[in-house]
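Below you'll find only one chain, the form predicted on its own, shown as structure tokens.
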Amino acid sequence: MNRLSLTLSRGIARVTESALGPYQSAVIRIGFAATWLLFLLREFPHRQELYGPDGPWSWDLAQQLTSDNHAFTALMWSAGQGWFEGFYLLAILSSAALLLGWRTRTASVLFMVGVLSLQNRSVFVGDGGDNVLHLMSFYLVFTRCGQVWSLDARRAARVEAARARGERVRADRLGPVLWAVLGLALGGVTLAGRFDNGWLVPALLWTVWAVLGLWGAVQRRAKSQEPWILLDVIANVLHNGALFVIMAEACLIYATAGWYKIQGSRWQDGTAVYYPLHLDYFSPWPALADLMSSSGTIMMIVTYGTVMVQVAFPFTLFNRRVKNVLLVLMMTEHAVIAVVLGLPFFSLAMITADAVFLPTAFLLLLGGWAARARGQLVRRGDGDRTLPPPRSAEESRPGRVGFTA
């Protein structure tokens, strides 16, 4: 009984004392934001056909559908062309802000609003990657995904360094301004009756806005550390719970995909991979597809291997070495899908979902490579100017970052 109590207390302490997986959450933040940003930029010339008010799936048809399924989309608030163009631009900017980790909490909320609004506006133009992005944009709101590799973390480190030197730190002025502007926008939308198609997203938006205001008030006016500690514990619990849900979601995606494949006759006889390679819609490189499908043995190995990896992956999480091997196989498979089948955004979304399971040591090594590459580029651009060496893995560990991250 004492051993059980000790284990339980250690688990509770681990969940409440810190936000686990800071590098994993940063990777999925960067990955999903980059996927959506690249998609929006790639489809910018076709935005009218995909999501515009005069597109094939017209504004009236979308309104009828959302009134039945109660899906949230801000594009239904107005049928004007100016509103659509402004919202599309806002989706691009929020994706870039989340990618860079600038005002991460606010950016994650705006990112979610952009993803849900555009995808729910035209539900027939997406694929499996869009479904993953749809879910993950909601989960990211609850994570502290800007602890590392973000402008928020960089700003927090500068503030801590200034305080350590005894310097006076200027109060954040942009944060309260953003909070006030978003509050006015939420209030205006609510009073105008636009939130009449469901309660979940409006409730989440108002809750995040209220918590951000409370967090800022505690930072500026609290005379003791107890309120700050309480809010920090709540934020850690939400982050760790959301990270667990993201991992469970990825496992569920692979498990269901694998078990459904087992029931298909083409997967059972080992020929399922052959057919997509010869569909015109999925053949950007016909010669490459013909080369890969020329060997029946290779097709059979890839078909059976795909099923075995997807079914086995959730059960390998308890063995780190096997899990890492399967991660490499799945990421490689999605990279091949991106090139051979012409589905880059689907593959990016799935690779990002896989990245939540990457070991921290590898992510630190990857961050070091990126820092050295950036340093070399800056040196070439600045000539002989002396630059500080890149930070070590220990120095780059996350410190205390506010709720905005």
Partner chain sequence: MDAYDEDSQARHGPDGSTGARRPQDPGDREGSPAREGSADPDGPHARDDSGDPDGPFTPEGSGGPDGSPPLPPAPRTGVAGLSPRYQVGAAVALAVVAVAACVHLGMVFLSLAPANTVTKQHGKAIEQWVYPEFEQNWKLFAPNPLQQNIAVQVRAEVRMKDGSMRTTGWNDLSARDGAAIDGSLLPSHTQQNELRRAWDFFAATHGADNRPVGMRGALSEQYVRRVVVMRLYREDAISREGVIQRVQVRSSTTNVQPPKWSSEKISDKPVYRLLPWWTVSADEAAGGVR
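Residue numbers count along the first chain shown, from 1. The structure displayed is predicted, hence computed values, not measured ones.
Just so you know, the form predicted together with its partner chain exists too; it's not on screen, but the next bit is about it.
In the model of the complex, none of the heavy atoms of Gln24 sits within 4.5 Å of a heavy atom of its partner chain. Although the partner is absent from this view, Gly126 contacts its partner chain in the model of the complex, with a non-hydrogen atom inside 4.5 angstroms.
In the model of the complex, its partner chain lies within 4.5 Å of some heavy atom of Asn69. Put simply, Leu364 is close to its partner chain in the model of the complex: some heavy atom of it is within 4.5 Å. Site residues Ala74, Leu110 and Ala355 are none of them in contact with its partner chain in the model of the complex, judged by any heavy atom within 4.5 Å.
The partner is not drawn, yet in the model of the complex one stretch among 250-258, 87-95, 184-192, 317-325 has residues with heavy atoms inside 4.5 Å of its partner chain: 250-258. Residues are counted as partner-facing when one of their heavy atoms sits within 4.5 Å of its partner chain in the model of the complex; in 339-369 these are Val339, Leu341, Gly342, Leu343, Pro344, Phe345, Phe346, Leu364, Gly367, in sequence order.
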